[in-house]
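Shown below, as structure tokens, is a lone chain in the form predicted alone; questions about how it binds or moves come after it.
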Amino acid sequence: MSTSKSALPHRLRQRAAILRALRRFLDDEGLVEVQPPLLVPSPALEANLDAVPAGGRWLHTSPEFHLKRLVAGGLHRVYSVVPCFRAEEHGRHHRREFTLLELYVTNARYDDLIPLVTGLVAAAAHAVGVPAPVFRQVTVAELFGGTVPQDDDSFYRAWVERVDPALGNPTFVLDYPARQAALAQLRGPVAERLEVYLGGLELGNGFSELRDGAELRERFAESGRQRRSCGKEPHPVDEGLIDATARLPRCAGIAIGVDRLVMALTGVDDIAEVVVEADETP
């Protein structure tokens, strides 16, 4: 469905109300809002993320690297609401430019994010006059009936065909395979990672944050190997992030897609209905 020009102002007012509610909730929880740089020397760890180049640097794919530097430097409850950029992402649920809310709290692990995110989403729902979602919790192993595929191709095929269609209700999915840890700590064969789903959309991705600089360096190396195998240039290693990772206190963080949150709470199925496009005005 294309954006109705008559409906867009209403959606943008709803979006503004949600953004005010998100900031108010996080401020009341004692988090400090910061504005990290958008131009960065290293854009991402994950091999599948393609960044937008800009003048010898990249537009960031998320504010994660700089927020972790701030946490390592002593800012222990912090968040940002910023535009982010990922190349080759366009569709009903994706844009090359999108808005991300990312937060970090110390003395916490990944499951401590659940009440925080539940309260955050409830505040946003209240702002647009809809009931607060009631979330369930389930592990990846439970979603696969106890037998998780041991290779990523089989995992993602089964996820798309069997698991994703069952995530229409508000859900926190916990404990991904260790090979899908990204920047999460490991606990035996699983990563202390969760994802949150709302309105059938993947809304956010959170971790008990890795605190081992040597392990992070190896994950950068593995990401580079994967990108080379696909004919892509590896992402540069972010030495500042590696140094900060080794100094992190125990902490957890999550990134939440603001555009998707607005979609889920306002009942629309196309991201174009809740953002201002570069080539479109009301």
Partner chain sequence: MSSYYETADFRNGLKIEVDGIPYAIVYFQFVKPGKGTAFTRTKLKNMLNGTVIERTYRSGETVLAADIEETPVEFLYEVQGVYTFMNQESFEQIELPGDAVGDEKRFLQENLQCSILFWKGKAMNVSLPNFVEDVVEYAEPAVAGNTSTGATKAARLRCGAEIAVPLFIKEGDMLKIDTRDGSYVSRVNK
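Numbering follows the first chain given and starts at 1. The structure displayed is predicted, hence computed values, not measured ones.
Here the subject shifts to the form predicted together with the partner chain, a form of this protein not shown in this document.
K.L.:
In the predicted complex, which of the stretches 22-30, 41-49, 214-222, 237-245 has residues with heavy atoms within 4.5 Å of the partner chain?
P.N.:
Comparing against the partner chain in the predicted complex, the contact stretch is 41-49.
K.L.:
Using a 4.5 angstroms cut-off on non-hydrogen atoms, would residue 109 count as touching the partner chain in the predicted complex?
P.N.:
Residue 109: no contact with the partner chain in the predicted complex.
K.L.:
Answer with yes or no whether residue 91 is in contact with the partner chain in the predicted complex, where contact means some heavy atom within 4.5 Å.
P.N.:
Contact check for residue 91: yes, within 4.5 Å of the partner chain in the predicted complex.
K.L.:
Looking at the partner-bound form in the predicted complex, is residue 73 within 4.5 Å of the partner chain by any heavy atom?
P.N.:
It does not: once the partner chain is placed as it appears in the predicted complex, residue 73 has no heavy atom within 4.5 Å of it.
K.L.:
Within a 4.5 Å heavy atom cut-off, is residue 205 in contact with the partner chain in the predicted complex?
P.N.:
Residue 205: contacts the partner chain in the predicted complex.
K.L.:
To verify the annotation, which of these, 160, 138, 178, 130, has a non-hydrogen atom within 4.5 Å of the partner chain in the predicted complex?
P.N.:
Answer to the contact question: 160.
K.L.:
Could you spot which one of 83, 165, 115, 189 gets a heavy atom to within 4.5 Å of the partner chain in the predicted complex?
P.N.:
When the partner chain is considered in the predicted complex, the option within 4.5 Å is 165.
K.L.:
Checking a candidate spot here: are 153, 156 and 182 all in contact with the partner chain in the predicted complex (at least one heavy atom each within 4.5 Å)?
P.N.:
Yes: each residue has a heavy atom within 4.5 Å of the partner.
K.L.:
Are there residues in 236-275 with a heavy atom within 4.5 Å of the partner chain in the predicted complex, and which are they, in order?
P.N.:
Nothing in the stretch sits within 4.5 Å of the partner.
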